[in-house]
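Just the one chain here, the form predicted on its own, laid out as structure tokens.
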Amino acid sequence: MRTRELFNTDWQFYYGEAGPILKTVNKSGCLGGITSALPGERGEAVKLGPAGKFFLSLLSAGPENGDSPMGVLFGTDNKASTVRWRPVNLPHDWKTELEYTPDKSVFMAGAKENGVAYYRKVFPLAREDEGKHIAVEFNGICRSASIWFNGCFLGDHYSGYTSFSFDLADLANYGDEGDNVLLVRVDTTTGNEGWWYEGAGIYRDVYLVKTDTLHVDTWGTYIHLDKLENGSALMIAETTLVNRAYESRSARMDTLFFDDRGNKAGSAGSSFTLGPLDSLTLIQKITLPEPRLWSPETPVLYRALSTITEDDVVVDEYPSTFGIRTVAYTAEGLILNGKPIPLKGTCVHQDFAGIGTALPGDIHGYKIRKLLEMGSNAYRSAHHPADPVLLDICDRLGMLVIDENRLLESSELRLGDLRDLIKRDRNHPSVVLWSLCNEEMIGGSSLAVRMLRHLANEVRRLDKTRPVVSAELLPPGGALNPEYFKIFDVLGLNYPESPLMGDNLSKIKAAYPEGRYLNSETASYFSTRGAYADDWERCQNNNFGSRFSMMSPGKNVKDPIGAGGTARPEDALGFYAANPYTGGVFIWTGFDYRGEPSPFPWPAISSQFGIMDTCGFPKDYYYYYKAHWTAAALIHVMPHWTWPGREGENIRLRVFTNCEEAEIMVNGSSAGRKSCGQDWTEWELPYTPGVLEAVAYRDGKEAAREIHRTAGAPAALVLEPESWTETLLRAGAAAVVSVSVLDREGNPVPAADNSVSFEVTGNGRLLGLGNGDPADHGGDTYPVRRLFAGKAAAIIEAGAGKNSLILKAASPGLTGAALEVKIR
């Protein structure tokens, strides 16, 4: 029977070049060294048969120390060891452990040097595993990866974003033959795939898969809706079967569907005969009565179980998860289950504070939940194939996804990456659009037309249920290539609302009135959490709107182009409101991310486009979007009300609300009640320490209230769980804990920048720290971090088993804090 073991623990890690490690050798299986068993490990450096032992006896009779022409034959390095290696668990991003560098060659990519590192895992396989199909599956390694197993070179993989696997069965050791050695070399010096921070290492999950030699192939099921008819769903299950045995196999394959309650919902069965080392795809039709459709509001998931039975014995069971829904894209935008859905989306890179790109699934879930709380319903994986763990979460929580191909190239290498992307992700109901490219320099050229046709047809061959989109940056007045645009089902337009693009969209629409359009990337608005004035030296942007510009960078710009980024949030939402055929918006970006620190030079090390910072702490404009995208009454007033030394000075206040009226009160006295505009409402009041209250009204009645109190001197730390409830974690789970400072009255101190030390005791560990400061060079993996704008984040991980962990925080002169987390 099939097993799929998470293979993330007990790896060895070495940063630097541990080689050179040979990829070819004179005699098979004889690479040796760290590719095989080392002294003290269970097994032999090179496994010799009788012929090999005889051959070596002849060599040993000749001159010593390699003087004989035959003396150096194998790749075996008898001096190899792992003394300087250290244990790590996956996922792992080694760049989080490096110092920041002002080297211009890596500045846009997060100011961390590129390099080479090795991962090595030693593990046993039972004697009864012999004869099975055994494979290792990697969800993602950044960047160029080379893999060895038991003295043999398996192959290279170049994309940092696609999943891949290797067959280990023939090369493995079983039982008393010795342990197995898997070696992975990761090299980020061979060239970036993106111009942002991409991390380094085995940063996604790894699995060890064992099956019968007759089994369902990797990503071997494709389950999709044929049509909805008479209250039923006609489903098609395409299942690819593989026979790795050396003789023909005759068996039966049954597909069973189960609804979200675990009840059997439908089935189909087929008999087949499969020749040795061959494969075939079975197509089965299954009718599901009264299907429950997947949508953001009702993310109903079905389960399929593909079962292979031979001579009344079950030899493989392959589970799949899918949802039932229809997807189309018209002049009204995205149509899901026959209804238009305005896309309230964000573009997101995959890194996070403290841990780089090595996100456990729980941190992916934390990010998705923060976006959902804001009212977002769509996620663009920018600009790369999404982590399959992330897609599982989007399926469960109801987040729509644009899954994006990395590069517009139709080389065999990139076509292979694209095929793997589609086959891996096509069962996910959350994925509603395939994006083939983003802002390609060759976009619109005859070269791009040839390659794009190949990519688009490859996608449609593998999946006929989703539209194909691009994300294009089209300059005003640029030549339009009709052959290029006709290839897409939807033309994605980046920043059509920006003055930089002029009146580009109307010209394109006039030329292609039958076209379908999507605002695939919008806004790019600079802001620094907690900053209310521009500060070039500290690399901070004013939340009210920065004068600094991405398009005309510099400290003393007098007439900036695209000030504050490319366009204001108000411009992005306003443009869609005026042009509803453009489908919605995808704001750049949901979160700040490492790298691309425009508009600032060094010492800036992260972007500031995010609606939230790198820790997931909301900036003020989070509430602007939430006011537009959610119905529950809310009000948010910016900035805070702690301005020592500024008594009597006017303070600018901006209110975001989705209510009709708002009122500002200071120390109980009203500063006026105003009708609220579409975007925001402002006051300007002299600063008087005390209590600032913002009150929202609907139908003349109070509907929401927010209170800021003037804070005194820092007195105590407070730890608050950000991503779980009742301080409970399951074994192995990760979570975000925020730390902030209170004064003696219990009021948050909004500008606190105290240095805080962290310690985890008990059953768990500290994964990393962050604070959202775009110019902070503090170590992600060090146990000390400075607060920024009053907050920092600790990412913790629960150990295996139960018991509990305790997170402690301390700072000189302040009362410390401790948080006990029980593990279930």
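Numbering starts at 1 and runs along the sequence shown. Remember, it's a predicted structure, so these values are computed and weren't measured experimentally.
Here the subject shifts to the form predicted in complex with a small molecule, a form of this protein not shown in this document.
The partner is absent here, but in the predicted complex a heavy atom of Trp588, alone among Phe656, Phe257, Trp641, Trp588, sits within 4.5 Å of the small molecule. With the partner omitted here, the residue from Arg529, Lys121, His383, Arg426 that has a non-hydrogen atom within 4.5 angstroms of the small molecule in the predicted complex is His383. Remark: Thr188 does not count among the residues lining the small molecule in the predicted complex, judged by a heavy atom distance of 4.5 Å or less. Although the partner is absent from this view, Tyr624 stays clear of the small molecule in the predicted complex, with no non-hydrogen atom inside 4.5 angstroms. Taking the partner from the other structure, the small molecule in the predicted complex has a heavy atom within 4.5 Å of a heavy atom of Glu596. In the predicted complex, at least one heavy atom of Glu521 sits within 4.5 Å of the small molecule. Heavy atoms within 4.5 Å of the small molecule in the predicted complex are found in one stretch of 389-397, 487-495, 321-329, 126-134, which is 487-495.
Taken together, Trp195, Glu439 and Phe609 are fully in contact with the small molecule in the predicted complex: each brings a heavy atom within 4.5 Å.
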